[in-house]
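Quick setup: one chain, the form predicted on its own, written in structure tokens, and binding and motion questions come after.
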Amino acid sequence: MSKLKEYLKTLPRRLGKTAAVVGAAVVLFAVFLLCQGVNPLSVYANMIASTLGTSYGIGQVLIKSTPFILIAVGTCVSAKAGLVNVGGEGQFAMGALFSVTAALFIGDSMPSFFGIVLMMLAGMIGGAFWSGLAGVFKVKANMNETLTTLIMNYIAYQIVSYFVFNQLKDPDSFNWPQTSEISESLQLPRIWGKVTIGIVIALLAAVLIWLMISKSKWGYSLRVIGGNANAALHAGINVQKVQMIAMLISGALAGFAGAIEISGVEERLRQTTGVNYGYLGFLAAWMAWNNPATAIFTAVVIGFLSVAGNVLEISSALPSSAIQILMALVLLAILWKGKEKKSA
């Protein structure tokens, strides 16, 4: 209870720091828009009105935010163990691949609830398997986890491409690289418009992980290692074991996000399923200073910006990818702030 009170007490300060960082990036992006001959106030007003001003827009933000929350929380777990896991992209892809394979195998052979649970478990296993490989490289071969997880992102999507072009390819897709649509019984129930219970699951997972890190003995070991791995080793903590578990949990959450994307949004696997989701989830975690609870808010901000990119294209004649400039500015501001905080 004291941990919760402490967190709630520091929450305004944490959110204030995040808001300041995002605000600085917004101002810089406004300068970019002015250089393109676009009125930034008009663009920002249209972005807010089209996303948060309609029920459809809010629903799209929640749908987009769901995988970002899970990937961000997973990134927070590994970060607490002193690891920089940028492999959410590949872990998401493997989770989507494992889950769609399970879904196509299950079909209508079992009740909806059990089929969905098995599909979610398959996604988590896929993500954990992929992050576990990087974990083994780290704890057994002392390889840099930042580089290995980054490289494995590209390998994961090559594997996805192989399967959607070959074994899992929909025979009725007119040669389009995608799997068949999963059974309707395996699609997540919707709670509002196109919003599924996936957003509720993501929020519960974030809270559960936050409690685990804050309250459990393992969470304490995690925080000690993240603070000083050598001190943790001298204190009798099995650093390699804790870091390995952290990587597995991190990957399982990203894989879970992939399963939810298949079951609740795309309902089939494509080459482009979830592209850039891992990097955006990583950005959300950094914006939250690797706090799983705060990551809920930052992931929603990223979700809002992702949806607003389409509005940007309509209202400014700029490509929707221009929103990536704003996200890059946010990341650079966070890196600068983190360096300033560390040097202080």
Partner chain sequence: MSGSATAPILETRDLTKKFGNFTANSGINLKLYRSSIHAVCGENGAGKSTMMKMLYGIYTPTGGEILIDGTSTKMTPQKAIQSGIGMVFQDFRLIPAFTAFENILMALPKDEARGRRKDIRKKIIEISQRYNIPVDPDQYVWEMDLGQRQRVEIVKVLMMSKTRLLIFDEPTSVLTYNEVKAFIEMLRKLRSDGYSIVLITHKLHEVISCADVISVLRHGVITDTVTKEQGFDKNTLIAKMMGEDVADRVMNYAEAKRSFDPEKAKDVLVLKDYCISDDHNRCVIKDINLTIKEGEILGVAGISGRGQKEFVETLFGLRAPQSGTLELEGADYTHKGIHSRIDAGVALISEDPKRDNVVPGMSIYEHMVLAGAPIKTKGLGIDWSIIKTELDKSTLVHTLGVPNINRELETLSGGNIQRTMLARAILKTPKLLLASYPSRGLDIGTVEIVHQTLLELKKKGGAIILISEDLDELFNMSDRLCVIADNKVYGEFIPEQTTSLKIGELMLGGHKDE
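Predicted, not measured: the structure shown is a model, and the values here were computed from it. Numbering follows the first chain given and starts at 1.
The discussion below concerns the form predicted together with the partner chain, not included here.
Q: Is the gap between I237 and the partner chain in the predicted complex 4.5 Å or less for some heavy atom pair?
A: Although the partner chain is absent here, I237 would touch it in the predicted complex, with heavy atoms inside 4.5 Å.
Q: Report whether the minimum heavy atom distance between P189 and the partner chain in the predicted complex is within 4.5 Å.
A: Close contact is absent here: in the predicted complex, P189 is far from the partner chain, nothing within 4.5 Å, heavy atoms only.
Q: Within 4.5 Å, heavy atoms only: does N230 come near the partner chain in the predicted complex?
A: Looking in the predicted complex, residue contacts with the partner chain include N230, since a heavy atom lies within 4.5 Å.
Q: With heavy atoms only and a cut-off of 4.5 Å, decide whether L248 touches the partner chain in the predicted complex.
A: So L248 does not count as contacting the partner chain.
Q: Have a look at K194, K241, R223, K169 for me and say which one sits with a heavy atom within 4.5 Å of the partner chain in the predicted complex.
A: The residue from K194, K241, R223, K169 that makes the contact is R223.
Q: Partner absent here, but in the predicted complex, which of 108 to 116, 249 to 257, 85 to 93, 214 to 222 has residues with a heavy atom within 4.5 Å of the partner chain?
A: Of the options, only 214 to 222 has residues within 4.5 Å of the partner.
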